[in-house]
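Here's a solo chain for you in structure tokens, the form predicted on its own.
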């Protein structure tokens, strides 16, 4: 048995930023036009008018102040309100592969290894660019890795589930070095015309290198333990897929083909599940709350993270103990906890313990207990 370790991380951040003010201006123009187009039904009382959005509403609901996106003009066009990506030929790298290459190169550089040494690539993300061939295999070729690759989708928990899979294979000896990459183009499956969720997501890509600790070339984090759990729920859902055209209403502009969420139920049901999951994981590993120097949580909602942090630590987290990045990045699905880990881990000292946790649709929750070496 080998000891797996995280030896490098990388974050690709798009150049385009959409502020709350920009987003609200665009959404409200769309809402005004929609209300004007449906004025007769609204006047007759058969249709409710679309509510306006506001920066104050977004901040209160989420804590998000801005988001990065791969393309912003299409998102902010009131007559379109979704990204405009050019058509690529089958001979060109896919968009997920393009951003994955950037994040992987950064992670590999930090680990001090060449891509050719990688013998496992896991593309773990909430929405894949295509059904097949696996995006992970395309990324494997693009970075010049060997071995094998595959895709994994556990929605917002994909990164931690991917880390568990890679760590288990390293521990068992079936692979030596792995990279788990999370190309999250969330702008493509967000319904930007829905006031309740139009502010939630942003685009990003993260990558995490794992290898045998004995091969680590510098400072790293031992993966002490991993734990994953799922429990089916319809409260976060996206019904798009390859069977869409085969259904009677499959080609219509159906709302459920984008991100769907019953936010209140998610908040009520996910919080206790995640808190209990982390507490159980820590208890199994005989880790006390006082042993944890850092919590890198899924970046979905500031209120949720504050609640979980307080529940896990038994007190309000001190500044820096539970870093949030969603005010700048918004919810980046599986990549959020890895962004937080990548940006807020270098200051930990040898022997310091921390926990990476992500959670979301499924419901799913994954946690990774690490120790600075």
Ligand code: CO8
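Residue numbers count along the first chain shown, from 1. Only a predicted model underlies this, so the values are computations on that prediction, with no experimental measurement involved.
Form predicted in complex with ligand CO8: not shown, discussed below.
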property	result
Contact of residue 355 with ligand CO8 in the predicted complex (heavy atom, 4.5 Å)	no
Contact label in the predicted complex: residue 264 to ligand CO8, heavy atom within 4.5 Å	yes
Close approach of residue 327 to ligand CO8 in the predicted complex, 4.5 Å, heavy atom	no
Ligand CO8 contact at residue 227 in the predicted complex, heavy atom, 4.5 Å	no
Residue stretch of 99 to 107, 249 to 257, 128 to 136, 299 to 307 approaching ligand CO8 in the predicted complex, non-hydrogen atom distance within 4.5 Å	299 to 307
In the predicted complex, the one of 195, 293, 281, 220 near ligand CO8 [non-hydrogen atom within 4.5 angstroms]	195
Triple contact flag 54, 57 and 186 to ligand CO8 in the predicted complex, non-hydrogen atom at 4.5 angstroms	yes
Members of 190 to 207 lying within 4.5 angstroms of ligand CO8, judged by heavy atom, in the predicted complex	190, 195, 196, 198, 199, 200, 201
